[in-house]
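One chain follows as structure tokens, the form predicted alone.
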Amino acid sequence: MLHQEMKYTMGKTLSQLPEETKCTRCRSQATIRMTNHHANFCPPCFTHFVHSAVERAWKKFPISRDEPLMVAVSGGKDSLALWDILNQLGHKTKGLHINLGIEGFSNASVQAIERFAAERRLPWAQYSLEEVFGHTIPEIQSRTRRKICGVCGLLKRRFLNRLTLMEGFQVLSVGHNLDDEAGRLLGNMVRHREQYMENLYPYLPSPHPRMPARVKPLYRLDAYEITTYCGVRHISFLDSKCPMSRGATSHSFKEALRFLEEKMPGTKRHFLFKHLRGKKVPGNGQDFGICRECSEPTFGDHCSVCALRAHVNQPRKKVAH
């Protein structure tokens, strides 16, 4: 059984800057220092800065502003900040959460989402992994030797896609921030995964009628900026890591970039934006087949979800005593 103290927070406490420190934008008293941008902001101007970053990101998305957006929400800072920003900017949204069945952690995630949605009167839908797949993440971990973070990521991607369409939406918005995208880029470069680097872009078009387009509106904002935004906007989020994510390699790559960022501010932003500069929207001309089990698009006879389900459902071998 997994036990972890669940923590909720409203983000960064605003900096106690000297009284003579003025907001770069409006020249009033500044309370937020932005070292990476050589700027200081008051709370209203910082909110404008965040919203402007998302507006700039939206220019890369060939999607109408009137298109309804499904927002993947986990209860953490990124997804709740994203949902709040999109709502503030006038987008029509609905939250979508997949309950992974992780003791303590999953219930705490749901509570954070419920509180956020109720305060802002925003609609959302919840599905359990046990309901849509047949097993919770802890059950899957006990039945397979595969790294559970990879398995969890696979299932969340596939079911977020399927449930988005089932809910009547064509676009899924996810809360991947600058740190996430830069860390993913570094990992793919270190491992020479050129095929994944081609699809590392803030907008991914729908490659199949049964798969939604995917957008990452927060890719221009780093973790500090998003946490600070939650503090300014009084967004209470779950500030606890998944207890099953220990040893995830993605954390190591983000830590490496964080170290470089402390020595050379702006490293993460330059690293990611240099990769994206001049890059075109990934193509969607993939030749999909149909899964024999569930009729979802796949490249083989069986999709990855059905293959995993078959593996997990295999009878366990009895150990001779």
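Nothing here was measured: the structure is a model prediction, and the numbers come from that model. One-based numbering along the sequence shown.
What comes next is about the form predicted together with adenosine monophosphate (AMP), which is not displayed.
| Considering adenosine monophosphate (AMP) in the predicted complex, which of 86, 185, 213, 160 comes within 4.5 Å of it through any heavy atom? | The residue from 86, 185, 213, 160 that makes the contact is 160.
| query | Which of 72, 235, 140, 112 has a heavy atom within 4.5 Å of adenosine monophosphate (AMP) in the predicted complex? | reply | Here the answer is residue option 72.
| message | Is it the case that residue 217, even though its partner is missing from this view, gets within 4.5 Å of adenosine monophosphate (AMP) in the predicted complex, heavy atoms only? | response | Flag for residue 217 set to no.
| said: Is it the case that residue 81, even though its partner is missing from this view, gets within 4.5 Å of adenosine monophosphate (AMP) in the predicted complex, heavy atoms only? | reply: Heavy-atom contact with adenosine monophosphate (AMP) at 4.5 Å: absent for residue 81.
| task | Spell out, yes or no, whether the shortest heavy atom distance between residue 156 and adenosine monophosphate (AMP) in the predicted complex is within 4.5 Å. | result | Because a heavy atom of residue 156 falls inside 4.5 Å of adenosine monophosphate (AMP) in the predicted complex, the answer is yes.
| said: Is residue 176 near adenosine monophosphate (AMP)? Define near as a heavy atom within 4.5 Å, in the predicted complex. | reply: Within the cut-off, so yes.
| field | Segment assignment from 227-235, 116-124, 96-104, 188-196: heavy atom within 4.5 Å of adenosine monophosphate (AMP) in the predicted complex | value | Partner-contacting stretch among the options: 96-104.
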